[in-house]
Structures are given as structure tokens and as C-alpha cells.
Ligand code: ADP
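The chain that follows stands alone, in the form predicted alone, written as C-alpha cells.
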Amino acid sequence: MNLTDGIINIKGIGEKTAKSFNSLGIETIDDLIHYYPRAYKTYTEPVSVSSTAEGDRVAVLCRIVSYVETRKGRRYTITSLSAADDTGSIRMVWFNMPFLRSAFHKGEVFVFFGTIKYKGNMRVMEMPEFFTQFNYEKTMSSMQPVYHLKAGVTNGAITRAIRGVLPVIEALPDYLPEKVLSEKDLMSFSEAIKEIHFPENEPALKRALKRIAFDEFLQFLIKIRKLREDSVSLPNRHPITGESVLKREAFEAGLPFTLTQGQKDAIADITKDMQSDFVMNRLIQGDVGSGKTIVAAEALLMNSISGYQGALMVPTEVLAMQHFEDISKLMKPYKLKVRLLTGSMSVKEKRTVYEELKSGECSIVIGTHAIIQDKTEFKNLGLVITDEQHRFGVKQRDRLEEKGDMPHVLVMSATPIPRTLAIIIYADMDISVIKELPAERKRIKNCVVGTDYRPSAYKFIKQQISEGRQAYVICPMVEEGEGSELENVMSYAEDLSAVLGEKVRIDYLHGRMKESEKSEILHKFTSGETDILVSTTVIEVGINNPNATVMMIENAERFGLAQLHQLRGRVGRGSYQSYAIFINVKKSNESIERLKVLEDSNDGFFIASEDLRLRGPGDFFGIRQSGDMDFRIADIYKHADMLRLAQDVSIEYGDVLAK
């Protein structure tokens, strides 16, 4: 077997299984070995029930002391039982797993593994894993990879498939010279791939992650350098006119608010670029709520008045709709036709937009990935803008640019990146930074609290709702099961409803929902039909609700500071005083120090720098997939030392490696 062979060549994989793997983007052996785990499970020695505290993720060896009960809840079926050891009792609860009724019998002994919660005075584990004593002893000696899954593919199936291609992995050549591996203390490529799927221990896994992060950064930097070399001399085929600049200045003077200095500087940079002899390739990096949208609107205005078409692509339909409504109003006095294009629109609606874009009748289109579909054609595309650009893959952005003849490129991001890293990562782009917030925005009031503050937080949220406001509650996980130690949206929404009462309208949202379902839920929230939205981080970008004044984040210690700052930025977008409540479950000195940064500052760039300092570049364990720059493993904060090392190697060996 070799890397280009289809996965159907792996022993044990038939046509049906291969199709399921294909749905995950795994078609070849090369795809398979680069399908990295999203996390790793480790299992600890069982502890006594009485020694556990809320938030502890532990194993307990218990005897079942009750019959199994199954009852129907409002949203799902609940299966439960009571178990105990010599020191105390605990309740085990599972959601939508009624078949477990036959798995347990009174008097049997199991090891239950999960997170301790308190409901009243009773200890509870929701969705615990369970093992016989013998099986748990075997499990404790391993680090088990956990993969992103879809229907038809199990974690075990992926693990078996990768074991089946170990000979291919072990034979992988290394593109780095032996001298570089030795000097930089890097693990060999084949060893890193093997360890990332089947880690011998935590130190070995850290070294593997270090090598893969380095590779991703190096390949990215070499590509960026080539892009820079290719683009710096591209001629400007869409120069804006002097008339468009004058109209833009008049437009700005007529706004009901005054632009910040950062906004003015960014617009000046864009104007200069679009008037120059060369194509614009600029990043607008602005903190959450810094007003990047009006900057994009002014760029679109100058482009359209100069006779060209403009496109603004955003990651969600709700955000597309919000931008469409705002920009349509701004462009109305200039009689510029603005259209919306999203996947949920009817075929007839899309066809109308396609025709208007192709004929040139439509000056500006705002939408989601639908803009880059094959059917979308432009008459004279002069400017492409991507908002929250880190949510799009490089290929998606390239496809949008290819819709025109070397159009100007403007990308916008609210992801705060320390300047030293931004210069490396965005080496192919000119950068404008907007640091100030609009004057009318009130500073968000922050508090970091423990779990005992929840009742007070709920009371405060209910008070805000009684005043006509709305709130978000963020939970790290989607549903009980994998990673069940964290608060999750499904059970949380039900529990919160029981606490606040049926008059408070609560809905939940997570990334596994269909796009149309997510859009409907977000629309209900932004239109005021929902009081509280319990959500995963899917709302990190793509929703602007000025009426929402409370952001409560459960298990805040589980998130990076930069991500928490992004989530906090969903409130404080209107004229009302807004609040961020960070629930710190672990209460360790480390988590208290980290979260205090958020409590004391609303400056995203300062927070990003502190995040890097506090987490440290050597923190490779507990990795998450990053949307930034299409990296699978690399994280610009956690792996900052690898980014700088890759920068050094790209300068020293770039010409050789590029070949």
C-alpha cells in the first residue's frame, strides 16, 4: 500500500464503510493518517465517593443499590440508577439511552467514570462511562485517541484502520534534513504521525504535537512567502475614481456618529491601496466591536461608484442577513443594488441574484459560501471582502478571488493576535489595526465567580429579562457523552428552564445542527422571541444582538482567554450596560490568574498577549483544532515557539524545502 491508495484497500474496510469514511473527508491512506484525534482520554485510579467534589472528573468503584428507572422528560428519555461504596452514594443518569435498562442489575459492581455534579445534596454523574473492574484496569494503562465522528463511523473503526496502515506510517520519509531534526530537537515525521494516533505516554505525545505544529507552520510560511512574491507586483485593474473618494468622504460626514481614529486610518489605507498601481491585499484586524463593518461599507461604496462589483462573504447566514440589512440602508441614497445570497434561499431567488450579478445590475452581493458556487458569475468584480476570515479555508477565499480578474482583497478579523505573531502569519498582507471601540459603547462589566454563584447569576439574568433584555449562556459541550465532564447545552437548557420557570423562553444551539435550523434559532433570538440562548461556541462569531446584555460562560477555565474575549464580545453591542459572568469550576490558582486578566481588561490585544504568556508556548496537551489558517494541530498561541522556529527554518532552508 502507498499514500495515494484508496482506504478501501485497507483490510476490514468495505464499500459501505469506505463511503462513511469519505463523508469525513477520508478517501486515501494519506487522508487517514492526517485525520488527527481531537482529544485523548486518560483514566485514573478509582476514588471513594465521599472524597469527590463538584467538578471532579473521576472514577468510582460502586455497587448498584437500586433498580434501573426510565422516564420520559420534556426533551428526552432519562435512565437512572443509584450506586454506592462504603463511604457514600451517588446517582447515575443517562439521556436518550433507554437500552441501558437491561445492562445493569441490582447488586452488580462497576467502575463509573465521569464528572461529579451536585443536585440538591445528592452527588450525580451524568452520562458516565462504565466498565467492569477487569476492563477498567486494562484501560487505565492507555491514552485513547478520540476522533471527530459522523453517522456510520465509530472511534474504533478509525483506530483499527490506522493500525492497519502502520507499516505505511513507519516507512514515511522525512523532508527535513537530519541536521535540522538534530539541531532543532524535532521528532521524525513518521514517529510523530504514529505517536499522535497511538501515544506511548504524555511526553511522547507532546513531542509529536510539537513536530506536526512545526510542519504546518513551515508549509504555511513557505506558501505565504510565495504568495507575497507573486502578488506584490500585480497591476491594479480596478482603480477607484476621485469622484468615489469624494462621495465616500461626504458619506462619512453624514454618519450619525464619528469614526474612531483607527477606523479613519484603516479607510485611508484602503483608499490609498485602491488608488495605487497595484492590487490591494489588506487585513483589517480589529478588536471585537471595533466597527469593522462600516470600514467594509466605505470600501464597497468607493468600489461600486467606480463602476465595479463588490462581494462580502461571511461565515453564517444570520451574519449575512445582518450585514445585508445594514449595508442596504447605507447604499440606498446612491441607488446601488445590494443583494443577499445564502444557501437557504429558494432556487428562484438565487437565480434572480445570479442573473443580476452576471449582467452587472447588482453592484454588491453579501452572503455565505453560496457566493463561491459555480453558478455565481460576476460581470466586473473589483473587490472581495471576507469577514471573520479565519472561519474560511484558504481554498474558499481563493475561489472568491477567482470570481474576478485580480480583484482587490480585503479580509477582516476580530481574532486578536499579538503584533509579533501577526507579522509572521499575515506576511503576504498589509495590516491595518483598529484598537479603539466606538465612543457610544459602554465598557462591559466582568466578574469571575465559582459555581456557588450560579443561583445569584440566574436571579440577575431573570432581572435583566424582566427589563426587556436577553442573555447568552455558553457551555463547552454539545451533549452528554464524550467529554461529559463539561456543562452541555441540552441538559443545561432543561435544568435552567426548571429553575427560571416556563415564562422565561429558553432555546439551545450547537454546531451539529443543520445550517437552516441554526439560522432559525438565531433569528428568533435576535428578533426577541427567545429570552436566553444556551449555546456552544458556535455563536463566537456571526450574531449581533444589541439587546443581549448578559454573557454567562460555564467552565470558563476550559477556554483560552482570546476565545473567551470573542464570546464576551457578543454583548455590549448596544446602548445598554452589559455584563460577562465567567463560571470557574476548577478554582485552581492557575485558572484564577488567567481569568482575572479578563475580569480586569476588555482589550483583546492585551488579552491575547497575556493568554500567550500564561498558557506558554510549550502547552501542547489538550489541543484543539484551530480554524486559523487551516491548521489541524498548530495553534498560534500554544505553539508560538514552533511558529518562530518555522520562521527561522523557512528563511534558512526555504528555497531548498520549497522544491
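Quantities reported herein were computed from a predicted structural model and do not represent experimental measurements. So that there is no doubt, residue numbering starts at 1 and follows the sequence shown.
Below, we turn to the form predicted in complex with the named molecule, even though it does not appear here.
*Asks:* Kindly check, after superposition on the C-alphas around the site, whether the named molecule taken in the predicted bound form would be blocked here (3 or more of its atoms within 2.4 Å of a backbone or C-beta atom) or open?
*Replies:* Open, per the superposed partner pose.
*Asks:* Considering 490, 259, 538, 172, which brings a non-hydrogen atom within 4.5 Å of the named molecule in the predicted bound form?
*Replies:* It is 259.
*Asks:* In the predicted bound form, which of the listed residues (561, 320, 288, 461) lies with a heavy atom within 4.5 Å of the named molecule?
*Replies:* By the 4.5 Å heavy-atom cutoff, the listed residue in contact is 288.
*Asks:* Heavy atoms within 4.5 Å of the named molecule in the predicted bound form: which stretch among 333 to 341, 544 to 552, 500 to 508, 240 to 248?
*Replies:* Among the listed stretches, the partner-contacting one is 544 to 552.
*Asks:* Residue 282 near the named molecule in the predicted bound form, any heavy atom under 4.5 Å?
*Replies:* So residue 282 does not count as contacting the named molecule.
*Asks:* Looking in the predicted bound form, any heavy atom of residue 275 within 4.5 Å of the named molecule?
*Replies:* Although the named molecule is absent here, residue 275 would stay clear of it in the predicted bound form, with no heavy atoms inside 4.5 Å.
*Asks:* At 4.5 Å between heavy atoms, is residue 206 in contact with the named molecule in the predicted bound form?
*Replies:* Judged by the heavy-atom cut-off of 4.5 Å, residue 206 is well away from the named molecule in the predicted bound form.
*Asks:* Find out whether any non-hydrogen atom of residue 89 is located within 4.5 angstroms of the named molecule in the predicted bound form, and reply yes or no.
*Replies:* Residue 89: no, not in contact with the named molecule in the predicted bound form.
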